[in-house]
Every structure is written in structure tokens, then in C-alpha cells.
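Coming up is one lone chain in C-alpha cells, specifically the form predicted on its own.
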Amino acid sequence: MNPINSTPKQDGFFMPAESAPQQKVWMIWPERPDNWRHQSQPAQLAFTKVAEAISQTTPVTMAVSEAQFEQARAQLPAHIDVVRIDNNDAWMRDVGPSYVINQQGQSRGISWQFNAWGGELDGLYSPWDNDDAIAAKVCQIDNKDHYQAPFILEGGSIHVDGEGTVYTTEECLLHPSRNPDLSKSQIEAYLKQYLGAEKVIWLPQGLYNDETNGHIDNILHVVKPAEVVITDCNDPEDPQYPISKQAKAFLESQTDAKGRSIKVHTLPMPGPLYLTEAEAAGIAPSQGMKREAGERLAASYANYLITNKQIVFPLLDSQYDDQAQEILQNLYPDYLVTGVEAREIVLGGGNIHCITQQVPKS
């Protein structure tokens, strides 16, 4: 299907909150040996566990390359759908379509332009053409119309509240590797047109050492309109400390699209966690991705998925996992809160929110 020649806002569409009812969740099967250790087998097990957790409340479809199809089908439970889609890596949040809905309950996808988090300047791999084509293919499989956005953006770089407010970071969207020919005001105008939004809140920075150039979904999640949760850090010697303190103070000084002050909750920071020598030894060398022993991992409990009255969050550090679960259960009192062992996912540079993309009910 050809892209629609207009914008979501012009057509009365907007991006709903992640807490809105969902039809399904999409994921991509990991297989890249220079990102996932030991021929991706530990990561494939972790992705399987995430898919199983989500499927308690929401159907899951896994996109898999032709080469991995039989292995994925054999490893995944029968109730997880498996479809053939060529890919370059496994970050469905960033390469898949972001969805918008209208008041009549129709839904459409948005295909953003994708350049592997930085293109020729500091992209993580090349080529990335298969990933850039995934959003349109997903929409075609789901029989959804879609818009083709005229600028580079990854789905993990935006959060919305479903009531007109977009959260993002200056670190990512204003990075010279994304849209250097666009000003901040031009990018903001695009966000409003494609997400059907009224206001953009620009957090200065994302999580420390996040190779996505500071995606919003690795430091913050939207709990409900005018209420967010961020990763906090209590060690003044840690480079994350000033970033988190600045983020909290900044958010508390802002109002959302409806003029409401923003309430900020905090989640503990796991670790800090580092790539071990044994883990680094299992990863194939790469031109773009730095995977060296001792590297600080961009680990965050804020990188969770909200799906049909369920929270699926990463278990990252036995010292803080229970505390994170308790905080999330308090923030979402009538939700099922499910933790999934996720170190293998953070080794690849992201977490549960990054590897999933929800399709709203229509």
C-alpha cells in the first residue's frame, strides 16, 4: 500500500497513550552476532521470555528473517505468531511503525526514516535498509494504512500521554546525526503534525552512555497524563547523578499540553552495570558498536512496556529488582506487573520497551 499523502494531524489522528487498549505487540527475533553474544542464543531465550510474558495479556507477533525462521518457530510457543521479515537488528520500537488513532477508532501507522541511530556520522551498523523498510511491511501485514514521515526519528525517542503532550530529549532529536538540516522548531512542528500533539517537552539528556544518543524511553516513562517516572541516581560521583537530578527539576518546572504541572516519580538505577570480559568475548567484532569489557551498560527500569493492564519490566540487578517491582505496582495498582530477566537485552544496547511495539485496538 502506498503511503498516505497528508499528516495524521490533518486527518484527525493522534498517538494514543501506551496504556490504551492494544490489539497486539510486535517484536523482531535477534540474530546479529556483533550485537548479541554466542550467536544470539542467550538473547533469543530472553526475547522468548519477554514474548511469553506479554502474551499473558496481549497477542505477540515475532518478525524473523528467512535464515532464522525454523529456529524461531521451534523455540517460540505456538501461540506466538511468527512472520518472515528481513531485518538488520531487533529493535522493533525504533524501526517499526508508531501508531496513531482517531475518534472513530481507526488506526494507522507512521513509518519514520531510520539511519541506525546516526547514519554515516555515528550509526551503529551499515547497511540499515532492511530496518528502514520494516514499518511499511508491518503495516501491510496488518492491513493498516500508513504515513511516511519526511525526517529521521526512532520510536524510542518519543513518549506521549495521549492528551497532546510529547516527551523527547534534545540530546537525541537535536543530535547532528539525525536531522542536521532541521531546526528545533521545525522538528517540533513535525512532531505535532505526525503525533497529533499540542506540546513537546524537551528533556535535556537521556541516560548516561546510551548509544542511541539519549532516547527518552531509557530514562522516562509516562505513567498517566501529567505523571511520569524517571530513573534516579543517588551517588553524586556517578555521571548519571547530575543527569537525573536535572531531569527531575526540569520536569517539575514544566506544564503539559493541558496546563497541568507534572508529577515526577523515581525508579532506582540498577548497578551501575558493566559488560564483563566473558560477555564481551562472545560478541563478534563490529565497526559501529562498541562492545568492550568494562563498558558501562545503559540499564534502566524505566525501559518497560505497558500493555493491556500489564507492566512488563526488566529484571537487571537483584539489589534493586524488588524495589522497582514495588514502585511499579504502586504506580499501576490494578495492573499485572511482570519482571523478566533482561541482562542479555541490555547487553545489546536497550531493553524491553526498545524491543517491542504495540498496535492499538481499532
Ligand code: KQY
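Computed from a predicted structure; not experimentally measured. Counting begins at 1, following the sequence as shown.
The form predicted together with 6-aminohexanamide is left out here; the points below concern that form.
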Would you mind fitting 6-aminohexanamide into the shown chain by superposing the local C-alphas on its pose in the predicted bound form and telling me if the pocket reads open or blocked at 2.4 Å from backbone or C-beta atoms, 3 atoms or more being blocked?
open
With the partner left out here, check for me: in the predicted bound form, does some heavy atom of Tyr147 sit within 4.5 Å of 6-aminohexanamide?
no
Consider Asp161 of the chain shown here, and say whether it contacts 6-aminohexanamide in the predicted bound form, taking contact as heavy atoms within 4.5 Å.
no
Is Cys354 near 6-aminohexanamide? Define near as a heavy atom within 4.5 Å, in the predicted bound form.
yes
Proximity of Thr307 to 6-aminohexanamide in the predicted bound form, heavy atoms at 4.5 Å
no
Could you tell me which of 258-266, 243-251, 287-295, 187-195 sits within 4.5 Å of 6-aminohexanamide in the predicted bound form, going by non-hydrogen atoms?
287-295
Need the contact residues for 335-362: heavy atom within 4.5 Å of 6-aminohexanamide in the predicted bound form, sequence order, or none if there are none.
Gly348, Gly349, Gly350, Cys354
